[in-house]
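In structure tokens, the next block holds one chain alone, the form predicted alone.
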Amino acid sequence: MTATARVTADAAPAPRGHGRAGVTRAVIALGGNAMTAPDGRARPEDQIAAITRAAGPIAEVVATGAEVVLTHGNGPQVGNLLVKNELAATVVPPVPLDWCVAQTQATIGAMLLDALPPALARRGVPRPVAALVTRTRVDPADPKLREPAKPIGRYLPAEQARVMVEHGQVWRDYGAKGWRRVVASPEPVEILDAAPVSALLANGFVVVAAGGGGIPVVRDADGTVRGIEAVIDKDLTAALLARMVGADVLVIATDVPAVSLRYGTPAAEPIGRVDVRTLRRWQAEGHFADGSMGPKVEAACRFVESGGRRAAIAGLDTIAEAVAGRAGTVIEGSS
């Protein structure tokens, strides 16, 4: 289903608890580990098996009576499409990044449409499931659009990278490793399709939306919406989606049980319940790396600071407990 409903930039977010009275509305962001084999392989059979495993914990959340929106990563899937682009570049034009995100949203959405209903039925909650191809608007004046810096895809020898450069892509020389593509990663400003997500929730659907950070688009001065060559951080988009659909809770599911201070050192210390002011202080002290927990911590803080009841960063197997605030790193407002 492709939605065309439009939400204006100045539109207020949906009020918290926008669904049925007394019912928790949760956005659950699935990390890439939920979409691939434990060793990182992303063959079709690996992806189907991983999503089937993830369906169980998701169904547990739905069984509590919560209204649930799922969003997800798509790094391995887009990586596969980029390899196909590279191998076929002398035969057909490469597919742009906004198309890659749209394709992977639909593919992962289809797998979840297959996996979730049986998991829900086994728990006695046969709720309908919908997957929505979703666009995320960014600001065309965002300085990150002028300075592509996020590496994506694989390393290539210079002669192979040159073919892609001739197609208008930006590649950077990483020395002995080879050349690698770099792209812009602007801030998400608006989920253009938040209104149909809310409508589906209100009608009892579990909704899959805004996968891979959303299809990156800008709106021109004449109102035209068009896709751009960029990727948007999936966790920051999850926080924005949660705000725009009036979610009470944001859970970011990852491959570790909690966020840690001094991660990777003998003095590592898992963080349990924490107020957002303290987490911001630890963030400023450099505890959370940009390529690891940094975006997740930032997303959780943004959601709570915008009025969300709480956010949690937790392992996939404990997302039901995380939604209830009983597992993972649970972030709440400062008192």
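Don't overthink the numbering: it's just position in the shown sequence, from 1. Note that the coordinates shown come from a computational prediction; the quantities given were computed from them, not determined experimentally.
We do not show the form predicted in complex with a further copy of the same chain, though everything after this point is about it.
May I ask whether I232, A284 and A289 each come within 4.5 Å of a further copy of the same chain in the predicted bound form, counting any non-hydrogen atom?
None of them does, since no heavy atom lies within 4.5 Å of the partner.
Go through 67-75, 253-261, 144-152, 83-91 and give me the stretch that gets within 4.5 Å of a further copy of the same chain in the predicted bound form, heavy atoms only.
The contacting stretch is 83-91.
Taking heavy atoms only, is T107 within 4.5 angstroms of a further copy of the same chain in the predicted bound form?
Although a further copy of the same chain is absent here, T107 would touch it in the predicted bound form, with heavy atoms inside 4.5 Å.
Since only the chain is shown here, I'm wondering whether V163 would be in contact with a further copy of the same chain in the predicted bound form (any heavy atom pair within 4.5 Å).
Close contact is absent here: in the predicted bound form, V163 is far from a further copy of the same chain, nothing within 4.5 Å, heavy atoms only.
Though only this chain appears here, would L113 touch a further copy of the same chain in the predicted bound form if you measure heavy atom gaps against 4.5 Å?
Because a heavy atom of L113 falls inside 4.5 Å of a further copy of the same chain in the predicted bound form, the answer is yes.
Report yes if any heavy atom of T265 sits within 4.5 Å of a heavy atom of a further copy of the same chain in the predicted bound form; otherwise report no.
Residue-level check for T265: no, no contact with a further copy of the same chain.
Position in contact with a further copy of the same chain when the complex is considered in the predicted bound form, options V125, V182, A130, V189, heavy atoms within 4.5 Å:
Exactly one residue meets the criterion: A130.
The unique member of A42, A63, C301, V274 whose heavy atoms fall within 4.5 Å of a further copy of the same chain in the predicted bound form
By the 4.5 Å criterion, the partner-contacting residue is A42.
In the predicted bound form, which residues of 194-217 put a heavy atom within 4.5 Å of a further copy of the same chain?
Sequence-ordered list: A195, P196, A199, L200, N203, F205, I215, V217.
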